[in-house]
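Only one chain is given next, in structure tokens, and it is the form predicted on its own.
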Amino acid sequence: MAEIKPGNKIKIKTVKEIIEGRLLESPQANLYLIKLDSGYNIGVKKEDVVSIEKIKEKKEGKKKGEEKKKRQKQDLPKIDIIMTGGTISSRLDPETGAVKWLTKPSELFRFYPEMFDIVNVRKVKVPFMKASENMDYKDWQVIAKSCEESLNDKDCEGVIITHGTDFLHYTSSALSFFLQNLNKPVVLTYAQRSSDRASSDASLNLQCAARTAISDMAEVVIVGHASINDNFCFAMRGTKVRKMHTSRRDAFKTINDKPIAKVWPDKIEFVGKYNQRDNKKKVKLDLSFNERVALTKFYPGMDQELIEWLSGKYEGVVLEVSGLGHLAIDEARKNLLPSIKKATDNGLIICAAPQTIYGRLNPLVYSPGRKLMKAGIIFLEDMLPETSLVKLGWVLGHSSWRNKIKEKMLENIAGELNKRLEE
């Protein structure tokens, strides 16, 4: 009993069942905390344990030099990987049950060897390691600079960025605007489940990301599971994709568009329009950004004071509006129209995006929409709210565009607007 400690693989027999897993540090003295092979943690009361034993594990070490050989195949296309954090860049700490960053490139190679049958990873860059909720535009700029260096190197065929899931679509939107004159694929990928779990999605996502990174497209895309099964992935345009589930492996969905491609580890099938690779082009950075922008959702009973507060705090606001583009006005007890008109007259840029996510705004259908349009709101058609926020910050970052903000917001710069979408 004394030789069993956190991190050991164990077998526990209770009066009802036999449980195998890895022993973790327990927050309670009367409880064994065990991580199952499925990745889930369970607690077993010590008083229910009949016996406990340590399971001898086989060491699965690679032969010396195998990893090095794996990433030095000269006949494979070369790509760069930019690691920024998230579950895909983490590993289990068996003592605590928590995850830690994969800070060494060799660890990435050890956990995900299959992708090295598709590409030769030329460089692994680690500009920072952060959860996606801790990022902001300055981090997006750092990633964009790192991309630009790789994309303008003739020896690099494409770039993969590993990233946390929750705010991944903000980063993909930012890179879509920051990287102008794109010449090669920029592929963001993720994992909903860490590599130590039997149900991890990391390996397939990385293999499909590698296949996409050497493809014929010149787009910023998110690549991830197309379904809950390990069959293939979608390559989704960076400005038309959104995380739509908390934990499913196919959490990311293309919105108001269709995926650019279906991707398997051994092939890619294009199903949507895309810009083609052009290795002769040089990527140009446009990192302008005004962080004094906000995103807020209209809700019934929203107070006029919120509009007034936003007007004094920010230079641009995206409002998620209802229906075809409505807010509380006219007979509403809290009529927002006067506050909106006052805010836009004072220079606040107010844009509207659909809180329904799917569909297109059309303020001309009903009189409330027409009144709000006349009050100065810019209706962003089918643009996603998150993309709208990022684009507004980028547009307002260009002082020379101050007199044509509406024109720029409605210009389809990175596929953020789908003119073919039916209303």
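In case it trips you up, residue 1 is the first one in the sequence shown, and so on. Everything numeric here is computed off the predicted structure, so don't read it as measured data.
A second form of this protein, the form predicted in complex with a small molecule, is not displayed here; the remarks below concern that form.
Undergrad: Among 79-87, 286-294, 114-122, 306-314, mark the stretch whose residues have heavy atoms within 4.5 Å of the small molecule in the predicted bound form.
TA: That would be 79-87.
Undergrad: Do A191 and the small molecule share at least one heavy atom pair within 4.5 Å in the predicted bound form?
TA: The answer is yes: A191 has a heavy atom within 4.5 Å of the small molecule.
Undergrad: When the contact criterion is heavy atoms within 4.5 Å, does S132 count as touching the small molecule in the predicted bound form?
TA: Taking the distances in the predicted bound form, the answer for S132 is yes, it comes within 4.5 Å of the small molecule.
Undergrad: With a cut-off of 4.5 Å between heavy atoms, is Q207 one of the residues that contacts the small molecule in the predicted bound form?
TA: Heavy-atom contact with the small molecule at 4.5 Å: absent for Q207.
Undergrad: Looking at the partner-bound form in the predicted bound form, is P259 within 4.5 Å of the small molecule by any heavy atom?
TA: Contact check for P259: no, nothing within 4.5 Å of the small molecule in the predicted bound form.
Undergrad: Using heavy atoms only and a 4.5 Å cut-off, determine which of T165, S215, S150, S339 is in contact with the small molecule in the predicted bound form.
TA: Of T165, S215, S150, S339, the residue with a heavy atom within 4.5 Å of the small molecule in the predicted bound form is T165.
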